[in-house]
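The chain below stands alone and is given as structure tokens, in the form predicted on its own.
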Amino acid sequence: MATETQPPESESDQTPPDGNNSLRRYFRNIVDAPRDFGRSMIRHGRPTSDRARSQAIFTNLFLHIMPTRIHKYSLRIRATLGLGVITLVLFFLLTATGIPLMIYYKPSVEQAYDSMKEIQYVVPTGRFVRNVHRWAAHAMVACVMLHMARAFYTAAYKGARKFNWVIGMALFVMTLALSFTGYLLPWDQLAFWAVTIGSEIAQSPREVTDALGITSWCDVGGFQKQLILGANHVGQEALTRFYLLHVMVLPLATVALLAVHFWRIRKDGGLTRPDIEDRTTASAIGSPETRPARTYGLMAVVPGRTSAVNLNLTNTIPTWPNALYAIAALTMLTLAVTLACGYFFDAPLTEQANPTVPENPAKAPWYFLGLQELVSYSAFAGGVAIPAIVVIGLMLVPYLDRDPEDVGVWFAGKKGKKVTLLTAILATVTVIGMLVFTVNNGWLRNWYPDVPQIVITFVNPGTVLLVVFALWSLCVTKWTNSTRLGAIAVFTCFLVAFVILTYFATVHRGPNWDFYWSQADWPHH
């Protein structure tokens, strides 16, 4: 058990009471006050030894989130790619830039756009701060997605880490919600119509309730739209809700989830690493029979053998300064790239929002464009059903994939790499083939104009892709006799589909959501 080392008492504390020297001791205490304050705040000496370095971590509120010693493997680039640290730095950067923006921003339909123009052109460094905030938000969404992919492909959701994977998925949803709620605040055409698309997606369950004839007494879609916007249209109520969510509710929820996420990483054994990295350590511990029968805990002496007793420290190094240097380097790199983007590239700000003049094409933020492509076939299937199935399915992966496996190994080894490559090729061909087919031939509504909407809802390119991916995953599971490889197959399918659909909607969809090879081919008025 680690123990705190009390700081040595100052000379003034050791001086015996002496009435004749009271004033002298009083003035001496004033001189010694800064040194005594530092000793009372920092309860360890200079980090010149392993013990002092460990105490620096153990007694510090902010550093205590890390262990006093860290495994060498955790500092390798391929272990985590630094994505967790980068994402956390971006979150802090968003907080730091968001606070000054709040000072000048006015969450009012009449004043929001003018306040953005003021920030952009009048407030000193306002343009730069807004640019950094915007690009940091986009970078955080991308890094969260990459971090999730890294954790999945290294099996970081197995064993005791099951629940932390669920927390990570919740953080992924929170990140998207934070970015989307901030998207409306500039109150320009781009923001207004992007949120309008989002509200229509929220209302899309009416596709099903209308087909079933139950909308009059069970209007789930209408309720969701009212809940998000506070009205039937994007206006002051929606702006107020989005502002409150963006600056208060979602950040507080994200901080709470982050605290649980990092706490669970510590409690679940730290960052994942292959078993081979611990074999030297494990062999040095001895057999279970030779391990001590007792260990000292924080609360009491408890009987029982545990591998944590007399654990050999081979392959571990002090967190101070090794891990802290790595974190500092990633922090500086992240800040440098983000600040450079904020300096050289301006965040977009189009004309003031005009509800009577719709954007054409009106596109959602890039991280929702893949869904918007699916929404063009069926709003409910593409905007609600499929995303819900994907998110819930990913949350359940740790509870469905229980194959014993060496965690920390990318793609589950050579066999997994082959499955991943084959799946990526299959998903690429399938998604591109489906897009080419729909562009050239349309879909059911083009062939049968009177087909019921309920058929379109459940039979569209999005649901077809979902079924194909699910069947492929089951086939991989059966052929390889591994639920882990089946999970890798379906995750890779979703990842490839997201990338291709996002690219397709970004580059090749123009006015009226028609297909164009490039923006230069768009019709001009």
Partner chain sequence: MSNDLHSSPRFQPPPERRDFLGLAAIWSAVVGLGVAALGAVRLPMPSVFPESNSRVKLGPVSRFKEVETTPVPEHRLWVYASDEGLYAISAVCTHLGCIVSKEEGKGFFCPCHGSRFDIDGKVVAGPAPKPLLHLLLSVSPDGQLVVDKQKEVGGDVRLQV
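Computed from a predicted structure; not experimentally measured. Residue numbers count along the first chain shown, from 1.
From this point on, the text means the form predicted together with the partner chain, which you will not see here.
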Using a 4.5 Å heavy atom cut-off, state whether L271 contacts the partner chain in the predicted complex.
no
In the predicted complex, does T334 have a heavy atom within 4.5 Å of the partner chain?
no
Please run the contact check for W513 against the partner chain in the predicted complex: heavy atoms, 4.5 angstroms, yes or no?
yes
Would you please decide whether T196 lies within 4.5 angstroms of the partner chain in the predicted complex, comparing each non-hydrogen atom pair?
yes
Stretch from 417 to 425, 164 to 172, 139 to 147, 439 to 447 whose residues place a heavy atom within 4.5 Å of the partner chain in the predicted complex
439 to 447
Of the residues Y113, Y377, F180, W135, which one places a heavy atom within 4.5 Å of the partner chain in the predicted complex?
Y377
In this chain shown alone, the residue from L339, V260, A362, V455 with a heavy atom within 4.5 Å of the partner chain in the predicted complex is A362
Site check E207, Q226 and R241: each within 4.5 Å of the partner chain in the predicted complex by heavy atom:
yes
Residues of stretch 218 to 255 in contact with the partner chain in the predicted complex (4.5 Å, non-hydrogen atom)
F223, Q226, L227, G230, A231, N232, H233, E237, R241
